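Before any questions on binding or motion, here is one chain by itself as structure tokens, the form predicted on its own.
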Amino acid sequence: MIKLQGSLKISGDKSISHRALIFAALSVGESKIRNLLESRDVFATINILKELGIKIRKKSNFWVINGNGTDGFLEPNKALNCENSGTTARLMIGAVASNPISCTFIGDKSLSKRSMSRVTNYLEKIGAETKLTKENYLPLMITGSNNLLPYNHSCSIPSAQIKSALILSGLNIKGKTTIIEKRKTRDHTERLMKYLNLNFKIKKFKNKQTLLELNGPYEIKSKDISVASDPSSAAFFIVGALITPGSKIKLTNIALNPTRIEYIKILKKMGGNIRIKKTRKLCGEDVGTISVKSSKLKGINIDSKLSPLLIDEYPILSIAATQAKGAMTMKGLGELRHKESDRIKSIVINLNKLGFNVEEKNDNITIRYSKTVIKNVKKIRTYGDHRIAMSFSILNLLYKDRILIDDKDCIAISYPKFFQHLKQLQK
């Protein structure tokens, strides 16, 4: 049987890569970015920034960005194509809102089914003009202004993308912008702002709400950025090592942001032999090494309050659950319906097709252990979702390539080197 062994440095973090590019573009002067993730999603952000007048070029092992400041975007000559990237779309909509330009954002078929009003509703309140297709979807037309109003935003949906879009719009607003989060979300944007020496305030309340306060407009001085390796990408290899007997791996340079490694706590509670060692600080992010040994797992219940911190890891946690004794229930997964695919549907349909005992009810997924044998090749549908494709590729390690992935190419959206790295660990 295949087992995973050895050491691996995973590609740069996708969330940080998007933000590093955007902040470098909003800075004044030249920035160098190292270990940038060179995936289709990230290239969508690069191409849009170029259309907005930002000079970006690749050198031997780093990228060079010449920023024009927080009000320096130029009106583009054509529609801005976000392709499959929701992060690109939502963050860039926020970034252009406080510039006096008109833009049209478009995306692929999948992205054009994902809600954009969750961002534009806030931006309209502060003076940006937006027009969405069917009042919710791309294509989107937006006319920004450098006289947007300072505002007190209260985010009802726990989303790092919404929060980051509002932060980016606030950087060029004169006066005080506040953003209240009712539930904690990923904080890469705030960490990068601290690294770039931007003055802002964060207040945490007893009811676990968080208030973020900006006082703009800001002039951001350019600074070189190194991108830590992606913990969400690491999750696939971690689960792969846990479920394949005899495996022992070490993953280096991983971003250990607490809002990104909640899944490791879950896997440890399931019985996973995982050790984390912090090694240094990198551009505001803690980084370190994750060591994993194969383990006997047991099913647990995952509370809905953790869903904002596990949004990208539920597909691979579902794979871990198929190999865990007992039952595992993941609750409050409604936000998964608004990702690259309806991930609740993608997980449940594909696991049931392979013969696993899976049930979905009221946005909860329950997976009960059953010793599943796959005798003949069975094809699963990725629905164009890179995380579904990678998750079932990991499950395939146990079934001798009897699981056929219908669209492996979609993995390039977030992790072009996935199969190369997976093969590197296979012994």
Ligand code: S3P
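Everything numeric in this text was worked out from a predicted model, so none of it was measured. Note that residue numbering follows the sequence shown and begins at 1.
What comes next is about the form predicted in complex with ligand S3P, which is not displayed.
Interface residue remark: Thr87 is counted as part of the site for ligand S3P in the predicted bound form, having a heavy atom within 4.5 Å. For Gln161, a non-hydrogen atom is located within 4.5 Å of ligand S3P in the predicted bound form, even though that partner is not displayed. Although the partner is absent here, Ser15 lies within 4.5 Å of ligand S3P in the predicted bound form, judged by heavy atoms. Lys339 belongs to the set of residues with a heavy atom inside 4.5 Å of ligand S3P in the predicted bound form.
The listed set Val96, Leu267, Val292, Ile311 contains one residue whose heavy atoms approach ligand S3P in the predicted bound form to within 4.5 Å, identified as Ile311. Checked against ligand S3P in the predicted bound form, the candidates Lys298, Arg183, Lys248, Arg118 yield a single residue with a heavy atom inside 4.5 Å, and that residue is Arg118. The candidate stretches are 128 to 136, 153 to 161, 282 to 290, 219 to 227, and the one lying within 4.5 Å of ligand S3P in the predicted bound form by heavy atoms is 153 to 161. Residue Arg387 is the only member of 368 to 388 with a non-hydrogen atom no more than 4.5 angstroms from ligand S3P in the predicted bound form.
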